[in-house]
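A single chain comes next, written as structure tokens; it is the form predicted on its own.
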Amino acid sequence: MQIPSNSLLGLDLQELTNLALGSGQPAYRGQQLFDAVYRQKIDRLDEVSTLPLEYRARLAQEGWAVGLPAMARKFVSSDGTVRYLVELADGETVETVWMPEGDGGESGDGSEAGDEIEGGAVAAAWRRATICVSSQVGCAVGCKFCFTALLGVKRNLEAGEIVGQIAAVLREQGVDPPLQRVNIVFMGMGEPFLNYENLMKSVRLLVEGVGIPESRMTVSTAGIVPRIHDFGQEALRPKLAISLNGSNDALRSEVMPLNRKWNLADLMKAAREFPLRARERLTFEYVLLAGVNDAPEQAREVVELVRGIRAKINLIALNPGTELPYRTPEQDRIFAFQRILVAAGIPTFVRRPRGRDIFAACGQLKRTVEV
């Protein structure tokens, strides 16, 4: 079952204008609906004060609703991160993560400069925040180090369900882009490029409706090579991050079975051909698994893989769990790996984990209902 067809969330300006015209309303009613749903993030039609009462009543009578998803559960980390279990119209759930002061940090020593910690929680007066959003119920890619892979995949999310996660979190947090800086990372449950059309429609709605510029969005892919090419041709597109996680084909195929379909030669060719904008860098993400892919010789292989690409690398120490057959590397091994990359002239950052204590960190999303 998909999101109901009478949900306003997911309709673009033209579709909302057509809806208004079909009811005998002037075209500008479409813009009023668009602003109410996306900019104002209303959750009930009777809150749209710009619409006549009789038109609001007619929309409700015809079965139309905003379609904002429900917040089924909320978990708050000691570091200020919040994990939401978001319930969709068909009863399925996905996870969305709110991270005040960023998405885990990028620094040389594994910390994020400027975090304001008070009593074990990030101070309310944050300067920026990141929302990690899901694109599928579960995931079909099957990376061996990721909790979400254990769920398999049930279905793609509609564009309205993707945008709805963000609108619901912004509403709950009392945040209003673009007045307050919010970054969006499509790094939650699912592989965004296996839900490409809905992903791109949600991006357009976020830019044109919610007011979050594309420059503050990042889409992460496990390496769906044909879609990397498509993404590079989009007139309006976020930044791109590619999950690398292996320095050679044998190793990458072991931890990411998708590599057997699109191997490193295919992936790196697509990365080299990707049309970067001025001052833009491609991001490679590398999850470090103790004794598997974190050796100095593997760092040197990564150097050769990315040589000649305008890129940066984010190192992510495995976020552990009993269901996974891997361990988190020691800090000295993580920084030794980083030093090799930095010495080769590659900007390399160690991501500070956020929300580990509530299963909200990278790779931990599995619809956990207890912490």
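Note that the coordinates shown come from a computational prediction; the quantities given were computed from them, not determined experimentally. In this text, residue numbers run from 1 along the sequence as written.
What comes next is about the form predicted in complex with a small molecule, which does not appear here.
Taking the partner from the other structure, the small molecule in the predicted complex has a heavy atom within 4.5 Å of a heavy atom of Phe147.
Of the heavy atoms in Trp98, none are within 4.5 Å of the small molecule in the predicted complex. Heavy atoms of Val94 never reach within 4.5 Å of the small molecule in the predicted complex, leaving it off the interface. Although the partner is absent here, Phe186 sits close enough that one of its heavy atoms falls within 4.5 Å of the small molecule in the predicted complex. Residues with any non-hydrogen atom within 4.5 angstroms of the small molecule in the predicted complex fall in just one of 199-207, 154-162, 82-90, 282-290: 282-290. This chain lacks the partner; the member of Asn195, Ser77, Asn245, Thr130 within 4.5 angstroms of the small molecule in the predicted complex by a non-hydrogen atom is Asn245. Interface residue among Ala311, Leu51, Val303, Leu324 relative to the small molecule in the predicted complex, by the heavy atom within 4.5 Å criterion: Leu324. Taken together, Gly190, Thr221 and Asn319 are fully in contact with the small molecule in the predicted complex: each brings a heavy atom within 4.5 Å.
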